[in-house]
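One chain is shown next in C-alpha cells, namely the form predicted on its own.
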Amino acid sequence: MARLWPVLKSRISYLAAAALLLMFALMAIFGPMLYPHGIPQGSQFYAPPSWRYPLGTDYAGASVLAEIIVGSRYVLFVAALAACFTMAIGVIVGLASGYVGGLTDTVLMRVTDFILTIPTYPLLIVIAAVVKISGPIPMAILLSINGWGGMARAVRSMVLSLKRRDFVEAARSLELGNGHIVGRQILPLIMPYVIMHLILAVTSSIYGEVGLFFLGLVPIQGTNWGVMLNFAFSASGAIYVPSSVFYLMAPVGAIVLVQIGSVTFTKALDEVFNPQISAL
C-alpha cells in the first residue's frame, strides 16, 4: 500500500474519489454527533435551500442535510457489513473449491451456479416480504445471501492457477500443511482482488438496502436514505410539491456520489496492485 499515495496524486479524479469516500465515512461516524437531526419549532415545510438549511427542509420541517448525515450511519454500516459477509463467503467457497478439488469442487460449484441463476432483487424482495427484518445484522445477512457467487468463481479460478505454481509445490514438498499453504502462500495473492471488489460490493449492498426501505418491506427504525425516498414517494406527497425537489434528490445524490467514489477509487487500487496498468 506504499504506492497508494503516489497513485492518488497522479490523477485528480483518484484524489477526489478518496476524499469523497473519506467524507462519507467520517460523516457516518461523527456526523450524527456534530449535526444532530431534529425539527426546530416553527420551521417551514419544504423550505428552499438557505444558510440555515443548505438542502432545504422536508415535509415535517426537518433539515434534509441533517437527515442525509444521520441516515448515512445506518446505510453505510449495513452496506459495509453486508459486503464483508459477501466477500467472506465467496472467498471461503472459492478457496475450498479450488484448492481441495474433486467432489468438494463439484458440489460447491453446483451450489454457486444455482446461486448465480437466482435474480438478486426479486429474491431480496420475497425474503423481506416473508421474514420481517429488524436490526442491521439480519439486514446485512439478507443482502449477502446470493451476492457471493461471482466472487467464489473468481477466487476458485485464481486458486486453480496458483496451486500449480512452483512456490506452492515447494511448500508441499516441505510438508508445511494445507493451512499454511492456503493462508501464507495463496490467500495474500488474491487479497488485492478481494479488497477492490469489497469496495464495489458496498455500493451494491446500498442499492439493495435502500430499495427494500423504499418499497416499505423493512420496518422503519429511524432515518436513512431509503426511508427518505419511501416517505417522499408514498407518505408525504413530496412528488407533488415543486419545492421538495431537494428532499427527493438528496438521497439519490448521496448514493450516486458513493458509487462514483467507489468505482474511481477501485481504479486507483487497480493501479496500485497492478503497476503495469499505469504504463498503458
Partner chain sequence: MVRRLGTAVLMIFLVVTFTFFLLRLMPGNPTLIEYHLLLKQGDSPQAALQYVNALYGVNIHSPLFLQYLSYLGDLAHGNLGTSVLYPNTTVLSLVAAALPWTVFSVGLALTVSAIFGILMGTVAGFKRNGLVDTLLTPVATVLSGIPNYLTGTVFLFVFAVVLAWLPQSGAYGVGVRPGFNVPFLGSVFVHAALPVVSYAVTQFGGWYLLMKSSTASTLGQEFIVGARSRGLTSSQVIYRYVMPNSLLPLFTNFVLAIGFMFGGSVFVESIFSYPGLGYLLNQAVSNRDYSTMEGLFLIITVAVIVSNLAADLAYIKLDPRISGEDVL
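As the structure is a prediction and not an experimental result, all values here were calculated from the model. Positions refer to the first chain, counted from 1.
The following text describes the form predicted in complex with its partner chain, which does not appear among the structures shown.
- No member of the trio 27, 85 and 187 reaches its partner chain in the predicted bound form with any non-hydrogen atom inside 4.5 Å.
- In summary, the region of this chain contacting its partner chain in the predicted bound form, judged by heavy atoms within 4.5 Å and restricted to 148-156, 168-176, 105-113, 67-75, corresponds to 105-113.
- In the predicted bound form, its partner chain sits within 4.5 Å of a heavy atom of residue 229.
- In the predicted bound form, its partner chain sits beyond 4.5 Å of every heavy atom of residue 101.
- Contact between residue 252 and its partner chain in the predicted bound form is found at the 4.5 Å heavy atom cutoff.
- Contact between residue 207 and its partner chain in the predicted bound form is found at the 4.5 Å heavy atom cutoff.
- Put simply, of 195, 127, 182, 160 only one has a heavy atom within 4.5 Å of its partner chain in the predicted bound form, and it is 127.
- Looking at 242-270, the residues that come within 4.5 Å of its partner chain in the predicted bound form, counting any heavy atom, are 242, 244, 245, 248, 249, 252, 255, 256, 259, 260, 263.
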